[in-house]
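Here we start with a single chain on its own, the form predicted alone, put down as structure tokens.
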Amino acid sequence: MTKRVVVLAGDGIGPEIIAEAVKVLNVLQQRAGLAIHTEAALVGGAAIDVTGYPLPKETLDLAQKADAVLLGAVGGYQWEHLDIRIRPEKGLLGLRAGLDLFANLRPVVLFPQLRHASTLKAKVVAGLDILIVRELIGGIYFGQPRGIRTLANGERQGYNTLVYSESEIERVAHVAFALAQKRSKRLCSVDKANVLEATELWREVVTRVGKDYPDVSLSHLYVDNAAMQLVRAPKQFDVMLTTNLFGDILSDLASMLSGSIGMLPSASLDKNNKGLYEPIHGSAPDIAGQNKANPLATILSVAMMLRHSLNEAAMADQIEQAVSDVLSQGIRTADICQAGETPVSTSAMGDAVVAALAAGLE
């Protein structure tokens, strides 16, 4: 059966990196029999420029009917003057909420070829393989009430609400424990239960859910300690489970362990494993249109899409092997270059992965 994939290039470097991911999909269609139909749509600033809204109804409708969504990035300097309620980022948040994508998977894997590109010593990060599971549609990003108000004394005050229900915590905890069972059977839940009641409940519920997975070793860390431990001894972690805000911050921190944020893909899943797939980096407007961006996180997001939503695990493995092969050839974009290495362009990196993938499919 042909699967439907909606492709959202978005803003900034989004169109450039998505173009390379589409090349990979085309090779799999032509040489491996991947049965998909792709359809492009607008989101973010690109959608605002055409429709006035960051998430047009047409885009959300397409995404809801699709089997998976592939996204580049949203945002840019030219839209920062807009009211926060209609900025490009609201398009991404709207997709997550509109598709009920509550579980965000962010693998942090250091390819051995890039062990010297990490900001930490090679011996600290060699063999790194962490999976961060982030609750994605609750917490302070979505909590109500929120806004900016004027107090009686005339001073303005910004306020946001951190709120989690038991059911929200339970469902993402089950995802994380199930994933831990398939890995090294270790899960660390990250919270701030010593000062935040919402995460006191988080710890209580995660502990309760853990009783359904007696083969998984569960530990807890406060978020400040977890950040320190990621830098001090990152290989102590296997699966990390945390809230929306903490997961956003910790996964970006962890990205530097892998050599570059340009190397990290992500999957955002609903209860049926339908997903939105995107690199964790932003739109990088400072280099947009310059053919400099690293497309590997987006290409690796395609691999995650094949594995989690399209049931094509073998093809996912082939993409990841192709990326590894290209890195073994010494091909690097600027963000992962070391002294003496010459960076290649976005399109050249994509072409190299396509060539390695095609060779592996022969």
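Quick caveat, the model's predicted, so the values are computed rather than measured. Note that residue numbering begins at 1 and tracks the sequence as displayed.
Although not depicted, the form predicted together with 3-isopropylmalic acid is the subject of the following passage.
- Only one listed stretch (119-127, 160-168, 226-234, 88-96) carries heavy atoms within 4.5 Å of 3-isopropylmalic acid in the predicted complex, and that stretch is 88-96.
- The listed set Leu221, Ile280, Ala254, Leu131 contains one residue whose heavy atoms approach 3-isopropylmalic acid in the predicted complex to within 4.5 Å, identified as Ile280.
- Residue in contact with 3-isopropylmalic acid in the predicted complex (any heavy atom within 4.5 Å), chosen from Phe111, Tyr141, Trp79, Phe177: Tyr141.
- Among residues of the shown chain, Asp248 is one whose heavy atoms approach 3-isopropylmalic acid to within 4.5 Å in the predicted complex.
- A residue is said to contact a partner when one of its heavy atoms sits within 4.5 Å of a partner heavy atom; Arg106 meets this definition for 3-isopropylmalic acid in the predicted complex.
- Residues of 340-362 are not found to place any heavy atom within 4.5 Å of 3-isopropylmalic acid in the predicted complex.
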